[in-house]
Ligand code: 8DG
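Quick setup: one chain, the form predicted on its own, written in structure tokens, and binding and motion questions come after.
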Amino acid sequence: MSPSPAPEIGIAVFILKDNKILFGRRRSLSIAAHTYALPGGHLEFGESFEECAAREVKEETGLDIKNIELLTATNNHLSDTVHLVIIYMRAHLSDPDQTPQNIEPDKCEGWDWYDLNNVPEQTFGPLRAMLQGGFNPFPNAS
């Protein structure tokens, strides 16, 4: 009898700038294919959530982030073969004048800033559900 596949652990980062959040449109090879998602990726063995957030943001966008904080987590059973636990983090740019770069064009079509009240309609399902449910990643949100 073969063992059941283990859940994957992903880190997703709400990078906040003014009243906006950074989203990228994922290409077809990822779990979030053709949807808008936050920068992030898979937690590597031995990494802290904060280390993973900083590494993935740098790898995908070229941005340096600071004030990295844990916000929440979701448990997403997406299909018979995909069980994804997403750890959501919040961070700010180390330098507010940084511009996101599309460092992995094979994985992402590009990055842009969106207002929380005007996120792209094709946002990754678990993230869209969380935001539509009233989750607000901004500090001191009411």
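Start at 1 and count along the sequence shown; that's the residue number. From a predicted model like this one, the values you see are computed outputs, not experimental measurements.
Omitted here: the form predicted together with the named molecule. The next part is about that form.
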Item to check | Proximity to the named molecule in the predicted complex, single hit among L116, L93, I86, C108 (heavy atom within 4.5 Å) | outcome: I86
Item to check | Contacting member of D112, E59, E69, D64, with respect to the named molecule in the predicted complex [4.5 Å, heavy atom] | outcome: E59
Checklist entry - Does A73 reach the named molecule in the predicted complex, with heavy atoms at most 4.5 Å apart? => result no
Checklist entry - Using 4.5 Å between non-hydrogen atoms, is G41 touching the named molecule in the predicted complex? => result yes
Checklist entry - Looking at the partner-bound form in the predicted complex, is I31 within 4.5 Å of the named molecule by any heavy atom? => result yes
Checklist entry - Just to confirm, I15 within 4.5 Å of the named molecule in the predicted complex by heavy atoms? => result no
